[in-house]
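In structure tokens, one chain follows: the form predicted alone.
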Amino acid sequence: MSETFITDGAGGAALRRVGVGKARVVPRGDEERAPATLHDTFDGALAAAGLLLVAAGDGLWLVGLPEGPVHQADAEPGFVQDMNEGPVTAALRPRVPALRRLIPVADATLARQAMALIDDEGKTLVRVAVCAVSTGHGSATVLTLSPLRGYDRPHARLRAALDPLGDPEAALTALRPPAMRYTAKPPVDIAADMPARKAATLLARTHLSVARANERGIVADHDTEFLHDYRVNLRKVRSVVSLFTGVWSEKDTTRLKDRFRALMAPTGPLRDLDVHLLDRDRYMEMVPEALRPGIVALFDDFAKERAAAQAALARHLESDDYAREAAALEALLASAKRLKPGPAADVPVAPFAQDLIWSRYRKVCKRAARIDDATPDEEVHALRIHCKKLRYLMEFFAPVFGPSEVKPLVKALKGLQDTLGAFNDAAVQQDALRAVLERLPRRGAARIEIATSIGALLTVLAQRQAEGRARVASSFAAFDSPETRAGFADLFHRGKEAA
């Protein structure tokens, strides 16, 4: 069975410096070189999986699979679900998120060469396929070893010699321009004894930076995930500002809330339309076939609205006003000392975080326990918001309490969040569709067709909302298990009492 190793460096040089006793690695044929383009998702999904996708003159090469490089002549990178069928597309499908487009990340040179490990009598012991990619930012070599029967020992020695050659993900990431080395959830190093104000500033600064890294992708409209990541990270900044009570002065806290709310506001219309368009196939399945032409017409209108909303947001993000405000907020968060301290500024992070998380956890439990068939929808929506805030706090402070200890609690909370999210989605979609009904022309065949389809959708969504609501109690019961209660108490309550 073949094995793949990835190292930095170009071409067979990576192999020639490997010592395997008296055996040596030699070329088997000439090196083939060609200009190429390196593709990946913006967040480096392929690099994280140890893979390289290279478009050359003879098609696409996917390098780094255990079975060796895969080639497909008739393929154009984009959304994987839209690519022509073939071996590269089939290999990409389970490895690339459906909502992420494969985009060019760097011009490259692709070099391929067959090599072999031979003994001192010239016998081939191991076949090696070398595929090297070089960009203006770095180079990486993918080596695929194919052992021959009867030569297990030299194969094992070569494999052992290759093991320490380097960090595969780092080598592949280095091929990208520095501006595109993106991490959606970068680690934030928060220590237990760090002052709360410093931790808050560090978290806010980090998530603002991640949000801003998505601006160019939103403007270019590569895929919807750029806007999603932008909004998620701005929401995390706003959560830091609103939840970390007392770390900054009341005046500065209010000012930050207002400014980050204003920064995020222009993204709402486009995100709402994106959510609709992503649900197109699901909407089609909800209604009988006879009503689907109305859904097609509805989504044609959504697509037109989206094009206008995307253009408007792109103009906003490229405006001088936006650039000045974003830069000013980055400067404000550049140091903890630029914002005036509040009464909790110097409280160590550990007890500060315990108070925040325990209080929010108890609030979630009390609100969830009260929900029954008579509870107004608004209270169910409020519970969803409280769960989201609790999860953000737990993720922010995971480094303080130990990621392995926090992870099962987050997982338990996510189950409740998923149920509340399904309930909320159905409610929001109904409100949006009713708004569409109000905007439709009062007369005409098109209105009747679209309105009839919307009516059918509203019926199905109302049923799904009711089903989601019925699951809230059971989802909370699963979250409120003895193990989860003990986990929250041990990390965020008893430990504080013992201290």
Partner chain sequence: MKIVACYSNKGGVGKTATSVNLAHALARAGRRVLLCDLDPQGASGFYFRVKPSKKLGDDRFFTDVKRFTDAIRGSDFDGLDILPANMSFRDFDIFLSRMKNSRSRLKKALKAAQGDYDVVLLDCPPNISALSENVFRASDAVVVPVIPTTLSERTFEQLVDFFRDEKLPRKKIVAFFSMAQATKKLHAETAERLRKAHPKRFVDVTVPFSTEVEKMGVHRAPVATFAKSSPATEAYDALWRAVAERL
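Just so we're on the same page, rigid core means the largest C-alpha set that superposes within 1.5 Å between forms. Numbering follows the first chain given and starts at 1. Because the structure is a prediction, the values reported are computed rather than measured.
Only in words, not in the display: the form predicted in complex with the partner chain, which the text now covers.
Proximity to the partner chain in the predicted bound form, defined as a heavy atom within 4.5 Å, holds among 127, 306, 155, 360 only for 127. Residue in contact with the partner chain in the predicted bound form (any heavy atom within 4.5 Å), chosen from 123, 95, 340, 255: 123. Only one segment in the set 113-121, 272-280, 400-408, 128-136 has residues whose heavy atoms sit within 4.5 Å of the partner chain in the predicted bound form; it is 113-121.
Not displayed here, the partner chain is kept clear of residue 170 by more than 4.5 Å at the level of heavy atoms in the predicted bound form. At the 4.5 Å threshold, heavy atoms of residue 148 reach the partner chain in the predicted bound form. The closest non-hydrogen atom of residue 28 lies within 4.5 Å of the partner chain in the predicted bound form.
For residue 117, the Cα coordinates differ by 2 angstroms or more between the shown form and the other one after the core has been superposed. Once both forms are fitted on their rigid core, the CA atom of residue 26 lies 2 Å or more apart between the shown form and the other one.
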